[in-house]
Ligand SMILES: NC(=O)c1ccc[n+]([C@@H]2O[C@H](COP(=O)([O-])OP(=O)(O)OC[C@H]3O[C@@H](n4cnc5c(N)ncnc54)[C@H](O)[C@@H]3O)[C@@H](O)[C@H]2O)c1
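One chain follows as structure tokens, the form predicted on its own.
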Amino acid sequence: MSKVLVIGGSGFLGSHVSDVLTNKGHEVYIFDLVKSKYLLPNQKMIIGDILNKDLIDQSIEKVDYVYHFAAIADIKEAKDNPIKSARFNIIGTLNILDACVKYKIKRIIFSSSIYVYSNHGSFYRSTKQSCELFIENYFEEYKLEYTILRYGSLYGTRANNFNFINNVIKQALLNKEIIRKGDGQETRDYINVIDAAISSVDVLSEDYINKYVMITGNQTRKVNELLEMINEMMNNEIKITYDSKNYDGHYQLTPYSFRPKVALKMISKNHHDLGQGILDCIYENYQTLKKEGQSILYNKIKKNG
């Protein structure tokens, strides 16, 4: 099997993709700013920054494929720090692309965003647009093959602090209240991160060379339906408050605005039930908060609900 470098492999999606790659027999190297909490015994860890060009070169020299998940991905953080976002997201990506060309990597698989051709997403969107264009240019100039992935609304275990479902579960556990900016009528296609990770590895197939791929779920829900589902799992003891006045709005029904370039839509063949997936998230958050010694107002959690 192949040698694969997963840049950003300590994070939410990257760690799950690393697991799937390993389970399929690939030799996996994980590159990230911090050591992965989920590192498997047969995975190799490289701690570093994508702005460190020499270390990126050394890491890419030894592999066949590169997954690039590293980014300032929190839209608010990117909006507040445009220069930092551009440096990390764009210059860091150029370092990776240069190394891929230098060492004749078979393909780079890049994690982009559903916001990339949207009117939403601020500077985060702008950096992802730039990266996609540079990736196209590197193919045109150097024949570096690529696959660009755009994900639907991810949820699941190991989520970061700005993941929506993870965030509202923490609110419910700590405060017995969920405050949602918006009226709750927004519609999202939720996909469990494990299903997304499997699809992310499936794109190593030659069918996806030089393609844009939208990885989405088949579990479409309005936000208020999702919050009611969480409330029911917590015995209807959670207060849900909607704040539509201060909602700056990511999108209501779709993140897309018209552009000439579109992605193939890839719906995962695998399917984690949304309800069971949320229960897993509730349990994980409860255990984490408990270990941290935080005061949990809702503490009736048992494994599997």
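Everything quoted here is computed from the prediction, not taken from an experiment. Numbers for residues come from their place in the sequence shown, where the first is 1.
Missing here is the form predicted together with the ligand; even so, the following discussion is about that form.
Contact check for Phe69: a non-hydrogen atom falls within 4.5 Å of the ligand in the predicted complex. Although the partner is absent here, Gly121 lies well away from the ligand in the predicted complex, with no heavy atom inside 4.5 Å. Contact annotation: Tyr208 falls outside 4.5 Å of the ligand in the predicted complex, judged by heavy atom distances. Asp32 belongs to the set of residues with a heavy atom inside 4.5 Å of the ligand in the predicted complex. Only one of Ile135, Leu226, Leu154, Ala99 lies close to the ligand in the predicted complex, with a heavy atom inside 4.5 Å, and it is Leu154.
Only one of Met214, Ile105, Ile109, Ala73 lies close to the ligand in the predicted complex, with a heavy atom inside 4.5 Å, and it is Ala73. You can rule out all but one of 196-204, 157-165, 178-186, 138-146: in the predicted complex, only 157-165 has residues with a heavy atom within 4.5 Å of the ligand. Shown here without the ligand, the chain has Gly8, Ser10, Gly11, Phe12, Leu13, Gly14, Phe31, Asp32, Leu33, Val34 in 1-34 lying with a heavy atom within 4.5 Å of that partner in the predicted complex.
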